[in-house]
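The chain that follows stands alone, in the form predicted on its own, written as structure tokens.
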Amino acid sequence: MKNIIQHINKAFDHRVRLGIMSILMVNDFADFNMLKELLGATDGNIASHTKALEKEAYISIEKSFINRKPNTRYIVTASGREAFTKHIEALEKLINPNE
């Protein structure tokens, strides 16, 4: 079992980032309020963690207005989907090394 943690991605270490990616993996997109509500996180937490994921090019951000109110949507990118899938697979191998 050499290098069993080599594929665990540090970008997903924090529970909020893990939550954001989990939500985006099963939805076409999520807006700021949806993430905030589902994760029970503060505005600042959502903003800083989405910015970190965007910096890694794991998510893209779309800003628009709906009925004159700003709306921010987050979408997982292809590289984000691939990186998160590898991260989950690495965790599964760590937990169940014989499978």
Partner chain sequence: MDNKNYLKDINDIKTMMSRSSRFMSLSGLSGVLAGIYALIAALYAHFRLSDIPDYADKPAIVATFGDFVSAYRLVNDLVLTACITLTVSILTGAILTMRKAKKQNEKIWNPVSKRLLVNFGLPLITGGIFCIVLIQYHIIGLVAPAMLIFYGLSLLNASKFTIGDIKYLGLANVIIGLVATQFVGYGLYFWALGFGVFHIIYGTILYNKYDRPSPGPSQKEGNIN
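What you are looking at is a predicted structure, and each value in this text was computed from that prediction instead of being measured. Numbering follows the first chain given and starts at 1.
Same protein, other form: the form predicted in complex with its partner chain, not shown, and the subject of what follows.
Taken together, Phe32, Ala41 and Ile75 are entirely out of contact with its partner chain in the predicted complex: none brings a heavy atom within 4.5 Å.
Remark: Glu62 does not count among the residues lining its partner chain in the predicted complex, judged by a heavy atom distance of 4.5 Å or less. Proximity of Arg15 to its partner chain in the predicted complex: non-hydrogen atoms within 4.5 Å are present.
Contact check for Val26: a non-hydrogen atom falls within 4.5 Å of its partner chain in the predicted complex. Residue contact check for Ser79: none of its heavy atoms lie within 4.5 Å of its partner chain in the predicted complex. Applying a 4.5 Å heavy atom cutoff to its partner chain in the predicted complex picks out Phe84, Ile88, Leu91, Glu92 from 73-92, in order along the sequence.
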